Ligand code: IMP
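Take a look at this single chain in structure tokens; it is the form predicted alone.
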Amino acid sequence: MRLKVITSNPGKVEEYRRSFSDLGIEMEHLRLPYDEVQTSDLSEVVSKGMDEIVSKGVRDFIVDDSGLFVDSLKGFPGVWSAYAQKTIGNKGILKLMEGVEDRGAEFRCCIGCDFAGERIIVTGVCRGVITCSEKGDGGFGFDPIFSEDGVRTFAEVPTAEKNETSHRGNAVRLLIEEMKRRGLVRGR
């Protein structure tokens, strides 16, 4: 069995490969551009993307979208996280948070999977806080300003440990559980 991982990020393919290896599912990296609908709902972005990908004749694939949702910023940057990271970066988010007491935030990852004629969409969440400064040199994106445990940022946590609690790790586990529940896969 094989799933195409539609992304421009080869690191995501490796994450999926590790998660699905015990299930006998191979991952194939596929770079396939598709339009991302402009909406504040990750699952709608993923669902519309899946529709477009299927319309191009592609089946048996995974696509995902993630975002950082900051409580005091009314969910910003949310689905616009990649754009916010490119334009204002971590320093810009920290600037917006200056003097703000409520530092609650969450990362969300929505995964859409087309597999064996079934369509599955799941969302994993990781709750935490925005720190007052950047810390750590690991990870990517907003990892240096997000702390799940209030002590270390995602950029300070080893990748394997981060995957145990991260939004993508949680979403992958939900996807595998749903695939098992539907009888599409067996294994651990």
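When you see a residue number, it is the position in the sequence shown, counting from 1. This is a predicted model, so every value here is computed, not measured.
Below, we refer to the form predicted in complex with the ligand, which is not included among the displayed structures.
Put simply, Ser147 is far from the ligand in the predicted bound form: not one heavy atom of it is within 4.5 Å.
When contacts are judged by a 4.5 Å heavy atom cut-off, Ser72 does not count as touching the ligand in the predicted bound form. Using a 4.5 Å cutoff between non-hydrogen atoms, Thr131 does not count as a contact of the ligand in the predicted bound form. Put simply, Phe107 is close to the ligand in the predicted bound form: some heavy atom of it is within 4.5 Å. The stretch from 115 to 123, 134 to 142, 48 to 56, 25 to 33 that comes within 4.5 Å of the ligand in the predicted bound form, counting heavy atoms only, is 134 to 142. For the stretch 6 to 42, the set of residues having any non-hydrogen atom within 4.5 angstroms of the ligand in the predicted bound form comprises only Lys12.
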